[in-house]
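Taking the form predicted alone, here's one chain by itself in structure tokens.
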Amino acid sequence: MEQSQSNPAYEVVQVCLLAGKIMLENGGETYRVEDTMTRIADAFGLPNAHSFVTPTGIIFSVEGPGQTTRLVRISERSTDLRKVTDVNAVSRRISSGEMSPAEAYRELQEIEAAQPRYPVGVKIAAAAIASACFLIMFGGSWHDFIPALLTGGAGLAFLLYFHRLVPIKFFAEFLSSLLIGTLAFLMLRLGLGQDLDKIIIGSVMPLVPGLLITNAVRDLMAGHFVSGLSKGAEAFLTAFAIGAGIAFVFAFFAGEGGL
């Protein structure tokens, strides 16, 4: 914010970029990010603002006195819709004239630095319960409820662990699905489960990129073809990693005569 004294537009651009960055990093749709940034700029007296948002970067520019153009790169993406909601709340307060650029920037910094609302243990427990419920929803038996519960929870724990070791999403998803398939097969061998397919299907559901697919479709329908296709490709890679991991387990144990 050092240039804000000589160029007031720069301070507004910083607020817009930080709001857009938080939304994009935490699961916000591309068109919603662009709309929020434009509304904030307009509320601060910069009606001629232009933005170009992709899943990996934001370019934002304002015309007129103090013309400014800036680029922000997005390297980390996750899902935290609470932060998206908080940014929307700040945007609405800006539009109603309740906040100055400095106050908005300070509040956005607090939102960005906030820790995830749910600790890792809660996420793993939620994934475990969701996996078991998906098993029942897909027609599985109650006898497989506990195996799916354990396998699904372990799958998300593996995913978080592997992603911390190797920050490449594809490999983390591949290895976690590989271990889900292996655990499901071992539980079947130990007599703890009956239907291998249903246990695996239920357990991999927490890994399926549902939000990513939804955002890709919504971006495509809104005319943001670059973002829509990029998110679609990312969702395809995730689906491929999950399928490849499970297929590897089936191929290996079929070769061992276990299936």
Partner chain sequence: MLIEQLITSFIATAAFAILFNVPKGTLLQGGFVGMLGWALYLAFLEVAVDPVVATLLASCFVAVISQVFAKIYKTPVIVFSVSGIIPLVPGGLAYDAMRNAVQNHYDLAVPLAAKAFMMSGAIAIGLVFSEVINHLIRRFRRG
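Residue numbers count along the first chain shown, from 1. Everything numeric here is computed off the predicted structure, so don't read it as measured data.
The same protein also exists as the form predicted together with its partner chain; that form is not shown, yet it is the one meant from here on.
Tell me the stretch among 68-76, 134-142, 164-172, 97-105 that has any heavy atom within 4.5 angstroms of its partner chain in the predicted bound form. Contact-bearing stretch, as computed: 134-142.
Answer yes or no: in the predicted bound form, does its partner chain come within 4.5 Å of a heavy atom in every one of Y118, I200 and I213? All of them do, each having a heavy atom within 4.5 Å of the partner.
Is L190 near its partner chain? Define near as a heavy atom within 4.5 Å, in the predicted bound form. Result no; L190 lies far from its partner chain in the predicted bound form.
Might I246 be said to contact its partner chain in the predicted bound form, defining contact as any heavy atom within 4.5 Å? Although its partner chain is absent here, I246 would touch it in the predicted bound form, with heavy atoms inside 4.5 Å.
Using 4.5 Å between non-hydrogen atoms, is M221 touching its partner chain in the predicted bound form? Within the cut-off, so yes.
If we define contact as a non-hydrogen atom of the residue within 4.5 angstroms of the partner, is E234 a contact of its partner chain in the predicted bound form? No, no contact at 4.5 Å.
Ok, I146, A114, A126, L186: which has a heavy atom sitting within 4.5 Å of its partner chain in the predicted bound form? Of the listed residues, the single hit is A126.
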